[in-house]
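Below sits a lone chain in structure tokens, taken as the form predicted alone.
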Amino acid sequence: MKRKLTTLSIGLIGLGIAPLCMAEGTIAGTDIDNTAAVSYEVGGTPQTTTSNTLTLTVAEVLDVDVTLLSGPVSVPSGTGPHGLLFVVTNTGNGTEEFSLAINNAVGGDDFEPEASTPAAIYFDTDGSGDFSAGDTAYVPGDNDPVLAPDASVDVLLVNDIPADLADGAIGLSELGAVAATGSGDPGDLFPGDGDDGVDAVVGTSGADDVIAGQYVISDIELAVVKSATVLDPFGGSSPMPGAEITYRIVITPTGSETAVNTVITDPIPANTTYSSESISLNGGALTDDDTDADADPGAGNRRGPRRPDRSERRPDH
């Protein structure tokens, strides 16, 4: 009996590594097993033959993203410390350690912020979103953040602001994060340096990301000018007994900041007496009543301090 042998050719199908929730897909170190099987009949009897099993281990992709959370931070010149908030996220598929760095020589701005001492990088430990006593200082090589895939950490850059800067001046401060395993061009390979000894491959970020935050000088200066007019009993302007002196205080702000809790102190001069109900603010009359301070910034004026921006006082000479 003659038997006919048929050769079966099987095309290879490319199998992609399925993405999970991670930005870079399947976790590094995952084994991808594949075994082929062929079923056939011989003389009406079903037969099955399996191939050898191939195992591929998923490499670690090194990727990181640094995102600025703070908008432009308004600061007066000559002050500090002031924080800028960032988030560093491991967008790779393996657990990775990252080193952090601050750079204030960014270029393209009006001034360079001054890194605060003893530390200029902090972890926002208390979740306040700004620099506070509960935050943990970053020490390079000591507490570098170790992040699982898709995990992140909030980071603060803390700077002092130089003095004598013009209102509206801009200063940039930059946070950088680099994968400890390595960085470089996308596709660069670090054999055996990934999780559990798998290969590590640089991802699209180069395993190195950087972004700058912005400080804007928002300052204010108050110029104070005081003048006086005299009306004597004869309609003239001689400062004689019985004359009335009207003092005028004009405060002119310069800058984009807001001055709060402003208090004007203008004691009644010696050898004069105060003319009751004579204070006005921006042309509007104020009272001498000490009990209406919430509604009337002139209240309590005979005690000295009060809060108007502009006022008139007419003591009798």
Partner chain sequence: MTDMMRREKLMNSLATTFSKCALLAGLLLLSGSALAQQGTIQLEHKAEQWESVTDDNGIEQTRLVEAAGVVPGEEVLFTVTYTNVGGQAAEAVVITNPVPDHMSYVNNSATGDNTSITFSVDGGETFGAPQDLLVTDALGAETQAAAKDYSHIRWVVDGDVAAGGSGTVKFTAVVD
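Please read all numbers here as calculations on a predicted model, not as lab measurements. Residue numbers count along the first chain shown, from 1.
This next part talks about the form predicted in complex with the partner chain, which is not shown.
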* Indicate whether T67 is a 4.5 Å heavy atom neighbour of the partner chain in the predicted bound form. => no
* Taking 4.5 angstroms as the cut-off for heavy atoms, does A59 touch the partner chain in the predicted bound form? -> yes
* Partner contact for T262 in the predicted bound form: the partner chain, 4.5 angstroms, heavy atom -> no
* Asked: Is there a heavy atom of V42 lying 4.5 Å or less from a heavy atom of the partner chain in the predicted bound form?
  -> yes
* Asked: Does every residue of A270, T272 and N282 put a non-hydrogen atom within 4.5 angstroms of the partner chain in the predicted bound form?
  -> no
* Asked: Across 83-101, which residues bring a heavy atom to within 4.5 Å of the partner chain in the predicted bound form?
  -> N93
